[in-house]
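Shown here is one chain on its own, the form predicted alone, set out as structure tokens.
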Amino acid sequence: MFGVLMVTLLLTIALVGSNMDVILKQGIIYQVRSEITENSSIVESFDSVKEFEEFVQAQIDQRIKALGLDNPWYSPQRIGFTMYKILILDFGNATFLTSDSGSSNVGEILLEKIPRTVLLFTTATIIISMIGIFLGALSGSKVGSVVDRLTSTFAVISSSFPVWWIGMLMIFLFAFTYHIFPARATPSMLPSEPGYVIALLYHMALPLITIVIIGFGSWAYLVRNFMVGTMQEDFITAKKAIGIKKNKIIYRHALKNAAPPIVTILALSLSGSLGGAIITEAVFDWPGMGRLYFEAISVMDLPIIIGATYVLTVLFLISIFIADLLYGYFDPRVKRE
């Protein structure tokens, strides 16, 4: 896990390194000039424009050297120092974007957005998995039935449409035609106001419904395929022979036997949904990590891009790690010590 995290950070830094240098140096130039021009006593102390410009350039060069930007971005010292700062969650300050409270600190911006993305996509993944597991187990136990055919057909249809297209249709139908939900998923009130949480949940309804509609069909189809193989096992035939109720066989014995691959898909779906939140949150204007990532890419705010990549990678690794731990519970072949 640590190796994957290091490789991801190294690739991210390599991709944005040269641009990062340009943006950081431009930021230093703007900051130094602003500090000097705001102090009228310093400006008036120079006899000519040339002397003033030489003084400003000297201050800029001094600031660049103090921050280590006089070395190329690909030097071991720069890369090592950058990775160290990221590992200790010191992402620096954003170049253009700010938090709702006006802070430019990347850590504060990310902490403000992460809970909203986790809330939306974790809730959606839980609902999708519950519906998908139930329908998949039911379809897998009745191969060729009406339920099985409908589930398989809906899985193919729902998986064929991109989330942004379904999202636009949902906004047009439920926001503009019937006025049930707001078109924007960002509440108009400030986070510090008392009713913000309720407003956020209300605004979350439309993107949540869209994600669930698109996702549960493929989930049901995958679980159905796992259950088809499991229902043909000898131990299932034996349990049927001794008279155990069919529902108990399906949802307690067969489903638990098919649990390891289902847990893997659940972990990958959760982490994948967090990583794929950019399009969904951009369409619905949900104030989370995905929209932040989209805005950061639009204006090339590299500190936020690096910080968001790091956070999303950590969330992905945590979900995979939890899946590995659950394997020891669901799969008796896995040795636990």
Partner chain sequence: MNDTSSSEIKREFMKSRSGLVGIGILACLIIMSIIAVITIPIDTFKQWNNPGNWISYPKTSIPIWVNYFTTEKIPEHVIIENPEIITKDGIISLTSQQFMLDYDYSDFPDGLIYEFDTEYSGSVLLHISVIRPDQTEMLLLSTSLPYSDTKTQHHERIFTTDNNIKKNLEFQSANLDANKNTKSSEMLIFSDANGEVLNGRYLFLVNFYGVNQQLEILDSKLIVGGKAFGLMGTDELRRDLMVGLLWGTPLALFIGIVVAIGSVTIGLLYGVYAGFKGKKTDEGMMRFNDIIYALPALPFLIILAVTISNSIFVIIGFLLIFSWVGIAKVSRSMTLQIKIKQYVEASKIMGQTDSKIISKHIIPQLLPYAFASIAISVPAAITTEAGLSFLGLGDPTFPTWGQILHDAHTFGAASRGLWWWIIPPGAMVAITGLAFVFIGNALDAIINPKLKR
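Not measured: the values here are computed from a predicted model. Numbering follows the first chain given and starts at 1.
What follows is about the form predicted together with the partner chain, which we do not show.
In summary, among the residues F81, W165, F235, Y202, the only one with a non-hydrogen atom within 4.5 Å of the partner chain in the model of the complex is W165. Checked against the partner chain in the model of the complex, the candidates I209, I198, L97, L169 yield a single residue with a heavy atom inside 4.5 Å, and that residue is L169. Only one of 119 to 127, 255 to 263, 151 to 159, 103 to 111 lies within 4.5 Å of the partner chain in the model of the complex by heavy atoms, and it is 151 to 159.
When the partner chain is considered in the model of the complex, V283 lines it closely, a heavy atom lying within 4.5 Å. None of the heavy atoms of I322 is located within 4.5 Å of the partner chain in the model of the complex. Contact check for W219: no non-hydrogen atom falls within 4.5 Å of the partner chain in the model of the complex. Proximity of I131 to the partner chain in the model of the complex: non-hydrogen atoms within 4.5 Å are absent; the residue sits far from the partner. Of the residues in 138 to 155, only V143 comes within 4.5 Å of the partner chain in the model of the complex through at least one heavy atom.
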